[in-house]
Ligand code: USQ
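Have a look below at one chain only, the form predicted on its own, in structure tokens format.
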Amino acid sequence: MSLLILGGDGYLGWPTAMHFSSRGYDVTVVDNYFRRNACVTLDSGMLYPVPTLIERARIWHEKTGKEIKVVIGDLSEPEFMRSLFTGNGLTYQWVIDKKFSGEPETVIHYAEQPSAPYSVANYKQADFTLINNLRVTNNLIWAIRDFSPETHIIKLGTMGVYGTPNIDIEEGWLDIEHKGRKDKFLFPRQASSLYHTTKIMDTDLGWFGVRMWDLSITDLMQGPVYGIDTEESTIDERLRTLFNYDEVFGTIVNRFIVQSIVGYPLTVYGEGGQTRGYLNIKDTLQCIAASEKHPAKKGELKIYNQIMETFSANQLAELTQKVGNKLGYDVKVEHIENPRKEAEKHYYNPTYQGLQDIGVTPHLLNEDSMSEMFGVVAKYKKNIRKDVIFKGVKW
């Protein structure tokens, strides 16, 4: 099976590439190093240095004998996107087999600016987020339409598109009865950042492609991910994924663990009642793999809510404090002024059974799993910079 991963250098993209390569897929990854470059520009914290994508592919081949092809380029440029399907002008930065793979059976689309705080920090970053995210998705659906209409797209969405409505959140769709008539619509969406707004528009672009051109798309509404190691990264620590602990690119569980280890009070925003759905990075890989094995049909937009359990910020802080204290850290929790415009007390009851129905077995967040993460992060304690943990991006 031929698999194309857009955004293959990222927190989720690189582990996904290894996961499929280890199972015999012909994997090509594409990236433009946006996240790495943004971390340098913003002076954000990375827990440990990460080899370039080309170096990672070489290490992977050295350790496993398997190949991950690497292409470096900007997917917001239409002709570059199209070259991935035609081969015209395509340049591999790392490849052993020079043969062009042709039409991929599956494209996994991670290639977007992934941070809500980044998207609202200033107008330039807002503009980049909107242009990059929407152009990449638009370029992809047109390339699939024109050159590879049988290809299944797996696109990463976000639970953040739903907001915190005062009703149960269904898996993407809602049946409506109005004035005696019934129909099915995309679930109402109310994003709280420009990043999340682009994800709403992504779904709309995909839904357009499905209705007009019979594309096959699975949209995974993912919650915040935590974790470092996956089955494949244990082969060599140089294969570990990117790990940020700042407020811009770091997710809350990862940030809290880092803060605990260096004695920085856990930054709980406001009252801490904000509740979201979470999942282990290992489960992201499970969800992608299950979606690849159970693709949407032609002319279908299949939507899953990709979370495994829900927590409030207070519950995550309490668990982190409990585990950290048991491990000998003096973990303190600090409620700070909320830099975000969001409800701190709200109803939150999303449906998220679909992925488990097709074979995903959750790795739940508990004291044992969090202790393992503490152990990994502690090895890099000397690399952690307190000054980049929180800078207070407001919106």
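Residue numbers here begin at 1 and follow the sequence given. Note that the structure is a prediction, hence the values are computed from the model and not measured.
Omitted here: the form predicted in complex with the ligand. The next part is about that form.
Option touching the ligand, based on a heavy atom within 4.5 Å in the predicted bound form, out of Asn133, Thr197, Gln222, Ser216: So the residue touching the ligand in the predicted bound form, by this definition, is Gln222.
Which residue, Thr241, Thr267, Gln286, Thr203, has a heavy atom that falls within 4.5 Å of the ligand in the predicted bound form? The option sitting close enough to the partner is Thr267.
Tell me the stretch among 134 to 142, 84 to 92, 250 to 258, 293 to 301 that has any heavy atom within 4.5 angstroms of the ligand in the predicted bound form. Result for this chain: 250 to 258.
Taking the ligand as it sits in the predicted bound form, is Arg276 in contact with it (heavy atom to heavy atom, 4.5 Å or less)? So Arg276 counts as contacting the ligand.
With the partner left out here, check for me: in the predicted bound form, does some heavy atom of Gly227 sit within 4.5 Å of the ligand? No, Gly227 is distant from the partner.
Quick check on Arg58: any heavy atom within 4.5 Å of the ligand in the predicted bound form? Judged by the heavy-atom cut-off of 4.5 Å, Arg58 is well away from the ligand in the predicted bound form.
Does any heavy atom of Glu67 come within 4.5 Å of a heavy atom of the ligand in the predicted bound form? Contact check for Glu67: no, nothing within 4.5 Å of the ligand in the predicted bound form.
Partner contacts for 127 to 165, taking the ligand in the predicted bound form and a 4.5 Å heavy atom cut-off: Thr158, Met159, Gly160, in sequence order.
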